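Just the one chain here, laid out as structure tokens, in the form predicted on its own.
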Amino acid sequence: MSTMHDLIVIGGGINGATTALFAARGGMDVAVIDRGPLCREASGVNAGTLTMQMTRVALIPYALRAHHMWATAREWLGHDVGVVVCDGLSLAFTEQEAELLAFRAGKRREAGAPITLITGQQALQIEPGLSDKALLAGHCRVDGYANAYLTGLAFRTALLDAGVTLTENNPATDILQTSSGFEVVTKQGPLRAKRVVIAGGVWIEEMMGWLGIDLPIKTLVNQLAVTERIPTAMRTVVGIANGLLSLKQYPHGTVVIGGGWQGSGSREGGTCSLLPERLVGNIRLACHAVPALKDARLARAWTGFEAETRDALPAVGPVPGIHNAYVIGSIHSGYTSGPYLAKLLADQILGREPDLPLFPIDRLLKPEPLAQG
């Protein structure tokens, strides 16, 4: 009979890996299962942006604490993940965008984000490479980005150092409830544990179905692109008021262009592809915001899945009606907030009181139909 772990985490992205790490450091025997290499799905193909200006208002307190975790990753993760902490700017080029920016910045500021509104000319003083056409900008000193590839390598080393059993390239296909906990069926054979965490990104809906829970998860297919190395064009993270742009230049000179322009694909097939006309639109917007990018050459472009719940707020907490089963995922701008939310979930699993409330999924489940007769 296989080993009985204290906890199995299904999904080795930022959410699952962080939950597993803190649970293991809290004394649990933990195993992590992933359908591919660690942190190479959504957590490996995103732009690594750490920003308050694209974070949902309800998540601002969590994002601020998570940003501090990213900034001190070497201390708690034990390894460098290429984090750069810098200023962030969100630009408005039209009166309509300016109105939207002012409203959203005000709400986020009320929630604790240190965002101030400045003129386009003031934004140019902070970031000289910007277009001079901006009417208004949101300025936040708590911003930055991490290197998604280095993050995966760092989590792998940290998890192994903490004694976590890693099972990669091994898709889970079912979860069975047993008298002693759970048996997770995988391609390489079953694993057993007293507790289970479902952290499977866009595949959370299917995994919850194994437990008889109907949790609808929307699948987004985000497009990103990176340029060849160019001279320094920007030192801040740059976005736009409507959220359709995210720009940052890495220290070695490449510029990552993102912002949620959608590609095509589905989680059922497990594949996604670029839509060239939308990629071109994203690049044109980037060049409009930072004119020096017009001289850059595109090195490559790619797509990646992102999960979202019905209300665009996270699914983090216990699975209703199933003792010792938990879920974490569907966190908008999840790279920013993920580590802190996962730490909170680990605290609850370890029997500690989380510092901030979780986001239980009861609100997202369909009510049971009333019995007839």
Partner chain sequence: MVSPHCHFDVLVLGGGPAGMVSAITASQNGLRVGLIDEQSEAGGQIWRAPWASSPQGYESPEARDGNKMRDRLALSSVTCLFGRRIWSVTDRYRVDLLGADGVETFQAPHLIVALGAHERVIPFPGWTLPGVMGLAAATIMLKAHGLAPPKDWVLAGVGPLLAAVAAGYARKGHPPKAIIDLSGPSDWFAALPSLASRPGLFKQGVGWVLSIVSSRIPIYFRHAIRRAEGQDRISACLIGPVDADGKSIDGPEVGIACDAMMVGNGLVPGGEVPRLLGADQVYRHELGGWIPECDPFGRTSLEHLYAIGDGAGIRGGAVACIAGKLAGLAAAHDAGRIDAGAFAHQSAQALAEHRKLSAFSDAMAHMIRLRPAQVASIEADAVICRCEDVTRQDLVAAARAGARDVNQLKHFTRCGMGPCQGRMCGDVAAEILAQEHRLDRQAVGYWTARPPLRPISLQSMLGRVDYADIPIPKPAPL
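Worth saying up front: this structure is predicted, and the values here are computed from it rather than measured. Numbering follows the first chain given and starts at 1.
The next section is about a form of this same protein that is not shown, the form predicted together with its partner chain.
Each of Arg40, Leu285 and Trp302 is positioned with at least one heavy atom within 4.5 Å of its partner chain in the model of the complex. With a 4.5 Å cutoff on heavy atoms, Glu206 does not count as touching its partner chain in the model of the complex; it lies far away. Within 4.5 Å of some heavy atom of its partner chain in the model of the complex lies at least one heavy atom of Glu97. By the criterion of a heavy atom within 4.5 Å, Ile322 is excluded from the residues contacting its partner chain in the model of the complex. Put simply, Gln188 is far from its partner chain in the model of the complex: not one heavy atom of it is within 4.5 Å. Contact with its partner chain in the model of the complex, judged by any heavy atom within 4.5 Å, is made by just one of Asp132, Glu75, Glu110, Glu277: Glu277.
Proximity to its partner chain in the model of the complex, defined as a heavy atom within 4.5 Å, singles out one entry of His139, Arg156, Arg267, Arg195, which is Arg156. With the partner omitted here, the stretch from 209-217, 110-118, 179-187, 247-255 that lies within 4.5 Å of its partner chain by heavy atoms in the model of the complex is 247-255. Contacts of stretch 74-105 with its partner chain in the model of the complex, defined by any heavy atom lying within 4.5 Å, are made by Phe93, Thr94, Glu97, Phe103, Arg104, listed in sequence order.
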